[in-house]
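Below sits a lone chain in C-alpha coordinates, taken as the form predicted on its own.
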(Lines give C-alpha, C1' and ligand atoms only; values in the text may rest on other atoms or scores of the structure.)
Protein backbone atom coordinates (compact mmCIF):
# COMPACT_ATOMS: atom_id res chain seq x y z
CA UNK A 1 0.00 0.00 0.00
CA UNK A 2 1.18 3.53 -0.77
CA UNK A 3 -1.37 5.49 1.28
CA UNK A 4 -0.15 8.47 3.30
CA UNK A 5 -1.93 9.06 6.62
CA UNK A 6 -1.60 12.14 8.85
CA UNK A 7 -3.58 12.20 12.10
CA UNK A 8 -3.51 15.31 14.28
CA UNK A 9 -0.05 16.22 12.98
CA UNK A 10 1.63 19.41 14.14
CA UNK A 11 5.16 20.73 13.79
CA UNK A 12 6.71 23.77 15.36
CA UNK A 13 10.08 25.50 15.12
CA UNK A 14 10.68 26.94 18.57
CA UNK A 15 7.67 29.16 19.22
CA UNK A 16 6.57 29.18 15.57
CA UNK A 17 3.80 26.72 14.68
CA UNK A 18 4.36 25.73 11.04
CA UNK A 19 1.74 22.95 10.86
CA UNK A 20 -1.22 22.85 13.22
CA UNK A 21 -3.28 19.70 13.90
CA UNK A 22 -3.50 18.45 10.30
CA UNK A 23 -5.40 15.24 9.51
CA UNK A 24 -5.48 13.97 5.93
CA UNK A 25 -5.38 10.77 3.90
CA UNK A 26 -3.64 10.71 0.51
CA UNK A 27 -4.15 7.64 -1.64
CA UNK A 28 -3.12 6.52 -5.13
CA UNK A 29 -3.50 9.09 -7.90
CA UNK A 30 -2.45 12.74 -8.11
CA UNK A 31 -3.22 15.03 -5.17
CA UNK A 32 -2.45 18.74 -5.04
CA UNK A 33 -1.27 20.39 -1.83
CA UNK A 34 -2.45 23.95 -2.38
CA UNK A 35 -1.78 27.06 -0.34
CA UNK A 36 -0.06 30.46 -0.32
CA UNK A 37 3.68 30.74 0.26
CA UNK A 38 4.55 30.10 3.89
CA UNK A 39 1.39 28.06 4.53
CA UNK A 40 3.31 24.98 5.75
CA UNK A 41 3.29 22.90 2.56
CA UNK A 42 7.04 22.22 2.54
CA UNK A 43 6.98 21.28 6.22
CA UNK A 44 4.22 18.74 5.54
CA UNK A 45 6.20 17.24 2.64
CA UNK A 46 9.37 17.08 4.73
CA UNK A 47 7.53 15.26 7.51
CA UNK A 48 6.03 12.78 5.05
CA UNK A 49 9.48 12.14 3.57
CA UNK A 50 11.00 11.52 7.00
CA UNK A 51 13.21 14.61 7.15
CA UNK A 52 11.25 16.16 10.02
CA UNK A 53 9.67 14.56 13.06
CA UNK A 54 6.08 15.54 13.84
CA UNK A 55 6.01 17.52 17.07
CA UNK A 56 2.63 15.92 17.74
CA UNK A 57 0.37 13.39 16.04
CA UNK A 58 1.07 10.33 13.90
CA UNK A 59 2.23 10.11 10.28
CA UNK A 60 2.60 6.92 8.25
CA UNK A 61 3.42 6.04 4.66
CA UNK A 62 2.16 2.62 3.62
CA UNK A 63 1.33 1.91 7.26
CA UNK A 64 4.85 2.63 8.58
CA UNK A 65 6.15 5.81 10.25
CA UNK A 66 8.45 7.79 7.97
CA UNK A 67 10.53 9.31 10.77
CA UNK A 68 13.68 7.27 11.61
CA UNK A 69 12.76 4.77 8.91
CA UNK A 70 15.41 4.74 6.13
CA UNK A 71 13.70 1.75 4.52
CA UNK A 72 10.90 4.03 3.38
CA UNK A 73 13.13 5.44 0.65
CA UNK A 74 12.87 2.16 -1.25
CA UNK A 75 9.30 3.12 -2.10
CA UNK A 76 9.40 6.92 -1.84
CA UNK A 77 10.88 9.61 -4.09
CA UNK A 78 11.23 13.30 -3.18
CA UNK A 79 11.73 16.35 -5.39
CA UNK A 80 12.52 19.27 -3.02
CA UNK A 81 11.84 22.88 -3.98
CA UNK A 82 15.41 23.97 -3.38
CA UNK A 83 18.11 22.81 -5.76
CA UNK A 84 19.63 19.61 -4.38
CA UNK A 85 22.00 18.92 -7.24
CA UNK A 86 25.77 18.91 -7.64
CA UNK A 87 26.33 21.42 -10.42
CA UNK A 88 29.73 19.94 -11.40
CA UNK A 89 28.06 16.64 -12.37
CA UNK A 90 26.33 15.97 -15.63
CA UNK A 91 22.65 15.12 -15.51
CA UNK A 92 23.54 11.50 -16.28
CA UNK A 93 26.10 11.34 -13.45
CA UNK A 94 23.64 12.84 -10.98
CA UNK A 95 20.86 10.36 -11.73
CA UNK A 96 23.37 7.47 -11.84
CA UNK A 97 24.67 8.42 -8.37
CA UNK A 98 21.12 8.17 -7.03
CA UNK A 99 20.69 4.77 -8.71
CA UNK A 100 23.88 3.52 -7.08
CA UNK A 101 22.72 4.72 -3.66
CA UNK A 102 19.64 2.55 -4.15
CA UNK A 103 21.87 -0.39 -5.20
CA UNK A 104 19.72 -1.08 -8.24
CA UNK A 105 20.48 -4.33 -10.06
CA UNK A 106 20.32 -2.66 -13.49
CA UNK A 107 21.43 0.86 -12.63
CA UNK A 108 22.25 1.92 -16.20
CA UNK A 109 18.89 0.73 -17.52
CA UNK A 110 17.01 2.50 -14.71
CA UNK A 111 18.97 5.73 -15.31
CA UNK A 112 18.21 5.69 -19.02
CA UNK A 113 14.50 5.11 -18.42
CA UNK A 114 14.24 7.85 -15.80
CA UNK A 115 16.04 10.45 -17.94
CA UNK A 116 13.90 9.56 -20.96
CA UNK A 117 10.72 9.93 -18.89
CA UNK A 118 11.52 13.59 -18.18
CA UNK A 119 12.66 14.30 -21.76
CA UNK A 120 16.27 15.06 -20.76
CA UNK A 121 18.19 12.52 -22.87
CA UNK A 122 19.53 15.19 -25.23
CA UNK A 123 21.07 17.16 -22.35
CA UNK A 124 22.11 14.23 -20.13
CA UNK A 125 25.84 14.66 -20.86
CA UNK A 126 25.89 18.36 -20.05
CA UNK A 127 26.93 19.66 -16.63
CA UNK A 128 24.04 20.67 -14.43
CA UNK A 129 25.67 24.09 -14.03
CA UNK A 130 24.66 24.79 -17.66
CA UNK A 131 21.02 23.82 -17.13
CA UNK A 132 18.14 26.25 -16.92
CA UNK A 133 15.92 26.23 -13.82
CA UNK A 134 13.35 24.11 -15.64
CA UNK A 135 15.99 21.59 -16.74
CA UNK A 136 17.31 21.30 -13.18
CA UNK A 137 13.77 20.62 -11.99
CA UNK A 138 13.37 17.83 -14.53
CA UNK A 139 16.69 16.15 -13.72
CA UNK A 140 15.68 16.20 -10.03
CA UNK A 141 12.46 14.42 -11.00
CA UNK A 142 14.49 11.84 -12.94
CA UNK A 143 16.63 11.16 -9.85
CA UNK A 144 13.49 10.78 -7.72
CA UNK A 145 12.00 8.31 -10.21
CA UNK A 146 15.11 6.20 -10.90
CA UNK A 147 14.18 3.50 -8.34
CA UNK A 148 10.54 3.34 -9.55
CA UNK A 149 8.91 4.55 -6.28
CA UNK A 150 5.26 3.99 -5.41
CA UNK A 151 5.10 7.36 -3.61
CA UNK A 152 6.37 10.57 -5.23
CA UNK A 153 6.49 13.90 -3.39
CA UNK A 154 7.16 17.10 -5.32
CA UNK A 155 7.58 20.57 -3.78
CA UNK A 156 6.60 23.31 -6.29
CA UNK A 157 7.81 21.11 -9.18
CA UNK A 158 6.83 23.48 -12.01
CA UNK A 159 8.92 26.44 -10.88
CA UNK A 160 11.10 27.68 -13.72
CA UNK A 161 9.60 25.42 -16.38
CA UNK A 162 8.52 26.88 -19.71
CA UNK A 163 5.01 26.05 -20.99
CA UNK A 164 6.17 23.04 -23.04
CA UNK A 165 8.16 21.59 -20.13
CA UNK A 166 5.24 22.18 -17.78
CA UNK A 167 2.75 20.36 -20.02
CA UNK A 168 5.17 17.44 -20.46
CA UNK A 169 5.66 17.16 -16.69
CA UNK A 170 1.91 17.34 -16.04
CA UNK A 171 1.32 14.56 -18.55
CA UNK A 172 4.01 12.46 -16.88
CA UNK A 173 2.53 12.91 -13.39
CA UNK A 174 -0.94 12.14 -14.77
CA UNK A 175 0.42 8.90 -16.23
CA UNK A 176 2.20 7.91 -13.01
CA UNK A 177 -0.93 8.58 -10.97
CA UNK A 178 -3.06 6.53 -13.38
CA UNK A 179 -0.66 3.62 -12.83
CA UNK A 180 -1.66 3.56 -9.16
CA UNK A 181 1.20 5.52 -7.62
CA UNK A 182 0.59 8.08 -4.91
CA UNK A 183 1.64 11.48 -6.24
CA UNK A 184 1.54 14.53 -3.96
CA UNK A 185 2.73 17.87 -5.27
CA UNK A 186 2.61 21.30 -3.68
CA UNK A 187 1.73 24.53 -5.44
CA UNK A 188 0.52 28.05 -4.72
CA UNK A 189 -0.89 28.39 -8.26
CA UNK A 190 -4.53 27.40 -8.58
CA UNK A 191 -4.34 26.68 -12.32
CA UNK A 192 -1.57 24.09 -11.86
CA UNK A 193 -3.69 22.16 -9.40
CA UNK A 194 -6.82 22.51 -11.54
CA UNK A 195 -5.05 21.06 -14.58
CA UNK A 196 -3.41 18.15 -12.81
CA UNK A 197 -5.37 16.84 -9.85
CA UNK A 198 -8.95 15.99 -9.02
CA UNK A 199 -8.23 15.87 -5.28
CA UNK A 200 -6.69 18.70 -3.31
CA UNK A 201 -5.65 19.52 0.22
CA UNK A 202 -5.79 23.27 0.92
CA UNK A 203 -3.43 24.50 3.64
CA UNK A 204 -3.56 27.99 5.15
CA UNK A 205 -1.34 29.21 7.99
CA UNK A 206 -0.43 25.63 8.88
CA UNK A 207 -4.03 24.42 9.09
CA UNK A 208 -6.06 22.28 6.71
CA UNK A 209 -8.68 24.65 5.27
CA UNK A 210 -10.37 22.33 2.77
CA UNK A 211 -9.97 18.78 1.54
CA UNK A 212 -11.53 16.70 -1.21
CA UNK A 213 -12.68 17.01 -4.81
CA UNK A 214 -11.19 20.00 -6.59
CA UNK A 215 -14.40 20.92 -8.42
CA UNK A 216 -16.42 21.20 -5.20
CA UNK A 217 -13.76 23.32 -3.50
CA UNK A 218 -13.38 25.51 -6.61
CA UNK A 219 -17.14 26.17 -6.53
CA UNK A 220 -16.81 27.21 -2.89
CA UNK A 221 -13.94 29.52 -3.83
CA UNK A 222 -15.83 31.21 -6.65
CA UNK A 223 -19.15 31.50 -4.80
CA UNK A 224 -17.64 33.32 -1.82
CA UNK A 225 -18.49 37.03 -1.30
CA UNK A 226 -16.50 39.31 -3.60
CA UNK A 227 -15.52 42.95 -3.11
CA UNK A 228 -15.10 45.31 -6.09
CA UNK A 229 -13.89 48.89 -6.38
CA UNK A 230 -15.80 50.71 -9.13
CA UNK A 231 -15.16 54.18 -10.57
CA UNK A 232 -17.58 55.71 -13.04
CA UNK A 233 -18.79 59.01 -14.47
CA UNK A 234 -21.59 59.03 -11.85
CA UNK A 235 -20.79 56.84 -8.83
CA UNK A 236 -23.85 57.99 -6.87
CA UNK A 237 -26.30 57.07 -9.64
CA UNK A 238 -24.56 53.79 -10.34
CA UNK A 239 -24.64 52.88 -6.65
CA UNK A 240 -28.37 53.60 -6.49
CA UNK A 241 -29.07 51.37 -9.50
CA UNK A 242 -26.98 48.52 -8.05
CA UNK A 243 -28.75 48.45 -4.68
CA UNK A 244 -31.24 45.61 -4.60
CA UNK A 245 -29.81 43.72 -7.56
CA UNK A 246 -29.73 39.92 -6.93
CA UNK A 247 -25.92 39.61 -7.16
CA UNK A 248 -25.23 42.70 -4.99
CA UNK A 249 -25.15 42.39 -1.20
CA UNK A 250 -23.83 45.85 -0.32
CA UNK A 251 -22.83 49.21 -1.81
CA UNK A 252 -20.74 51.94 -0.16
CA UNK A 253 -19.79 55.30 -1.67
CA UNK A 254 -16.19 56.17 -0.76
CA UNK A 255 -13.73 58.90 -1.73
CA UNK A 256 -12.12 56.45 -4.17
CA UNK A 257 -15.36 55.31 -5.78
CA UNK A 258 -17.95 52.64 -5.09
CA UNK A 259 -17.11 49.64 -2.93
CA UNK A 260 -19.50 46.87 -3.94
CA UNK A 261 -19.96 43.50 -2.27
CA UNK A 262 -21.28 40.79 -4.59
CA UNK A 263 -22.36 37.20 -4.03
CA UNK A 264 -21.68 36.11 -7.62
CA UNK A 265 -18.58 37.30 -9.48
CA UNK A 266 -19.85 36.67 -13.02
CA UNK A 267 -23.41 37.88 -12.46
CA UNK A 268 -22.23 41.17 -10.95
CA UNK A 269 -19.84 41.88 -13.83
CA UNK A 270 -22.65 41.32 -16.30
CA UNK A 271 -25.16 43.41 -14.34
CA UNK A 272 -22.89 46.43 -13.84
CA UNK A 273 -22.17 46.55 -17.57
CA UNK A 274 -25.88 46.43 -18.49
CA UNK A 275 -26.99 48.95 -15.84
CA UNK A 276 -24.29 51.47 -16.68
CA UNK A 277 -25.24 51.32 -20.36
CA UNK A 278 -28.98 51.68 -19.62
CA UNK A 279 -28.40 54.76 -17.45
CA UNK A 280 -25.76 56.39 -19.64
CA UNK A 281 -23.00 55.93 -17.06
CA UNK A 282 -19.42 55.51 -18.27
CA UNK A 283 -17.39 52.89 -16.39
CA UNK A 284 -13.85 54.10 -15.71
CA UNK A 285 -12.52 51.26 -13.57
CA UNK A 286 -13.73 47.93 -12.22
CA UNK A 287 -11.27 46.09 -10.00
CA UNK A 288 -11.72 43.08 -7.69
CA UNK A 289 -10.40 44.15 -4.30
CA UNK A 290 -9.92 40.75 -2.69
CA UNK A 291 -8.76 38.30 -5.36
CA UNK A 292 -5.40 37.34 -3.85
CA UNK A 293 -4.88 33.67 -3.10
CA UNK A 294 -4.46 34.56 0.56
CA UNK A 295 -7.97 36.04 0.70
CA UNK A 296 -9.45 33.04 -1.11
CA UNK A 297 -7.76 30.59 1.26
CA UNK A 298 -8.66 32.66 4.33
CA UNK A 299 -12.31 32.46 3.28
CA UNK A 300 -12.06 28.68 3.01
CA UNK A 301 -10.50 28.55 6.48
CA UNK A 302 -13.36 30.57 7.99
CA UNK A 303 -16.17 28.75 6.17
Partner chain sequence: MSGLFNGTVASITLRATMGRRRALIFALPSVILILVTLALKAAGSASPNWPSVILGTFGFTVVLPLTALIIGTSVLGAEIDDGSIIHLLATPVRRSSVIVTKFVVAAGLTMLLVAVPMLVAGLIATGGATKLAIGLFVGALAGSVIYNALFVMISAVTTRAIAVGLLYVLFWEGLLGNLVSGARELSIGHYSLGIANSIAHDATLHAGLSLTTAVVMGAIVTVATLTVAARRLAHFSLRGDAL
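Numbering follows the first chain given and starts at 1. All figures in this text were calculated on a predicted structure; none of them were measured in a lab.
Below, we refer to the form predicted in complex with its partner chain, which is not included among the displayed structures.
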- Item | Residue contact check: residue 94 to its partner chain in the predicted bound form, 4.5 Å heavy atom | yes
- Message: Given that its partner chain is not shown alongside this chain, does residue 166 nevertheless sit within 4.5 Å of it in the predicted bound form, heavy atom to heavy atom?
- Response: no
- With a 4.5 Å heavy atom cut-off, would you call residue 233 a contact of its partner chain in the predicted bound form? no
- Message: Since only the chain is shown here, I'm wondering whether residue 245 would be in contact with its partner chain in the predicted bound form (any heavy atom pair within 4.5 Å).
- Response: no
- 207-215, 98-106, 115-123, 166-174: which one contacts its partner chain in the predicted bound form at 4.5 Å, heavy atom to heavy atom? 98-106
- Among 110, 161, 227, 89, which has at least one heavy atom within 4.5 Å of its partner chain in the predicted bound form? 89
- Counting only non-hydrogen atoms and a 4.5 Å cut-off, give the residues of 63-77 close to its partner chain in the predicted bound form. 67, 68, 70, 73, 74
